[in-house]
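Taking the form predicted alone, here's one chain by itself in structure tokens.
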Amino acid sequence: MIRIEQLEFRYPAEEGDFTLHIPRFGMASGERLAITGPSGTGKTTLLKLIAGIVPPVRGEIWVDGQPVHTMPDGERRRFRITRLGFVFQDLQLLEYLDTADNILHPHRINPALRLNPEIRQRLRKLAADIGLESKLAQAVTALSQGERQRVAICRAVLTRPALILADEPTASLDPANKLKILDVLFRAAEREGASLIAVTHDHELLDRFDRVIDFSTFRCPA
């Protein structure tokens, strides 16, 4: 699913002069991988590199057989929209839209996606599966934090992505809701046959994953 070789990325000095170097990294199709470690070690940056949100300075990033590192901006964007699902740490929900329209928003603004009756039917099925069926007409401002997390997950998996990237998906949740949200993510990944990478600081959840990478000691995993 993912292969990274001699990856290097750095922010400019005015943004902290941060450098990330990953000699080698691999992830199997269908794997559930957790990334943990201190703040500022590059966990979120790695997700953005895999998603093509930021390009590397050098090195190779292959995702689902595609060379993300050589794609021009437009092609990276299309690949990210159609093949990846990203659950952002800040969720990036639009408060002026209701739950259903937040989930459908990428289909309204991206020509690479088609909003048709099949997508709407799929939305209703996903919402029922993750406990949002009765919330679709509600404003997201009226939802609990756990429900808002579910909205972000539903939006991320609506396109049937090959890879789900989740940045702190259980942050700011109580222990019971953390387990529920993780279950939602795992079910979504399993149902779609998708791989999953989750950045998390919740060490009590790590044994639920197939593999854990700790960025405090991360050097060169194969």
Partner chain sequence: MRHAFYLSWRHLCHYRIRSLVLIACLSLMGALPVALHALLDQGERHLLSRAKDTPLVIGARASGLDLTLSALYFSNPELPKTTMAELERVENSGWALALPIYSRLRVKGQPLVGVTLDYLDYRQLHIGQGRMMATLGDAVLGADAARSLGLGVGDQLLTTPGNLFDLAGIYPLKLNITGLLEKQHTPDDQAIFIDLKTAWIIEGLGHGHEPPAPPSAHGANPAIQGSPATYTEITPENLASFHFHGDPGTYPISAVLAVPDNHRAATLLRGRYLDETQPGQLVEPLAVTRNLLDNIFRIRELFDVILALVGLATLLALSLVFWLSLRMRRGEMQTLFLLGSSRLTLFRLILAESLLLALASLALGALWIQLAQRGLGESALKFLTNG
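What you see is a predicted model; the values in this text were computed from it and never measured. Positions refer to the first chain, counted from 1.
Form predicted in complex with its partner chain: not shown, discussed below.
Interface membership of L94, defined by any non-hydrogen atom within 4.5 Å of its partner chain in the model of the complex, is confirmed. Shown alone here, F88 lies within 4.5 Å of its partner chain in the model of the complex, counting heavy atoms only.
In the model of the complex, no heavy atom of R122 sits within 4.5 Å of its partner chain. R150 falls outside the set of residues with a heavy atom inside 4.5 Å of its partner chain in the model of the complex. The contact residue chosen from I81, L143, L126, M71 relative to its partner chain in the model of the complex is I81, the criterion being a non-hydrogen atom within 4.5 angstroms. Residue R77 is the sole member of 55-79 found to place a heavy atom within 4.5 Å of its partner chain in the model of the complex.
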